[in-house]
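Take a look at this one chain, the form predicted on its own, written out in structure tokens.
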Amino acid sequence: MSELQPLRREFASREDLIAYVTAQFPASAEIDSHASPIPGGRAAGLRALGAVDGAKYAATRNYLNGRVSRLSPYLRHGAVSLSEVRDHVVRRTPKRHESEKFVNELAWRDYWQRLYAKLGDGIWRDREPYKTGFRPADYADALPDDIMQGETSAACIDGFSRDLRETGYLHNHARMWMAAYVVHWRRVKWQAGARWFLTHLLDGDPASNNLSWQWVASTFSHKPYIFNRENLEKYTAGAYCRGCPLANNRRCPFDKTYEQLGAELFPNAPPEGR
């Protein structure tokens, strides 16, 4: 048996690095050889940290063009630490209350990790029953190809799918919308969507990923999470709805009130669970 050699750490260029990693991990490259434009390493993580504005984050975080930190890949891989990020943001935010929302999100990440330490592989099992009126057996095991390839004809869903595959990143709101679509509109088990996300996300952490999917699915929350077109248009400035063939043909599956969507998606659930 040949002795394992340490991986190279110095490269002449980004292209050299990509070629080396592709050669070292051919099975992964066969699944997807696309390299994200997001740079790695501590220096890049510190640059992202230096750009964080706690007050603007709190005010705009739900908007796809809001001032989110983009720190999650660096936190995931240890380029920066939770305590380091917390201390920096609190120190740089003049009014203490303006950093509270950002610090709260860091606390959620820590919470997911502590649950993971306790549950282990249990994060792949439904923590609670579905609150949708359906049984686990009513959900498909595999993710449909049209979702994975971005060919559903819904401009928002296809855009999120493309961004996931090409950049390895999705805004948290987009992750929630995509998860809701997969589980509730297409009735696919959340585990299939969670595995797909982990295949592509640079910040793909099993704890945050899986338990967030379960929150959307309602197996780790008191009700399923859904969205409608009004909500999506508000937080995307209508970027996906303009020119969407489904919206233009009045076939948008999200263009209803929450009450209408709840009755349509969860006909067997009690009204309070929709």
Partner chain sequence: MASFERPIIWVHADCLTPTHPGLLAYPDAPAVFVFDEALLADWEISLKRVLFMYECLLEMPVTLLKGDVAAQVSAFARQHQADAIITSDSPSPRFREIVAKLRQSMPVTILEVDPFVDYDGHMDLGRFSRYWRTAEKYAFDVREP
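Note that the structure is predicted; figures quoted are calculated from it, not measured. Residue numbers count along the first chain shown, from 1. For clarity, a rigid core is taken as the largest C-alpha set superposing within 1.5 Å between two forms.
The protein also exists as the form predicted in complex with its partner chain; that form is not presented, and the subsequent description refers to it.
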{"property": "Location of its partner chain contact in the model of the complex, chosen stretch of 89-97, 152-160, 183-191, 134-142 [non-hydrogen atom, 4.5 Å]", "result": "89-97"}
{"property": "One residue of N231, N248, N62, S33 in contact with its partner chain, assessed in the model of the complex (non-hydrogen atom, 4.5 angstroms)", "result": "S33"}
{"property": "L261, heavy atom within 4.5 angstroms of its partner chain in the model of the complex", "result": "no"}
{"property": "G40: touches its partner chain in the model of the complex, heavy atom cutoff 4.5 angstroms", "result": "yes"}
{"property": "Q24, heavy atom within 4.5 angstroms of its partner chain in the model of the complex", "result": "yes"}
{"property": "Any non-hydrogen atom of Y225 within 4.5 angstroms of its partner chain in the model of the complex", "result": "no"}
{"property": "Contact set, 112-143 vs its partner chain in the model of the complex - heavy atom within 4.5 angstroms", "result": "Q113, R114, L115, Y116, A117, K118, G120, D121, W124, E128"}
{"property": "Large Cα shift (2 Å or above) at R9 between the shown form and the other one, core-fitted", "result": "yes"}
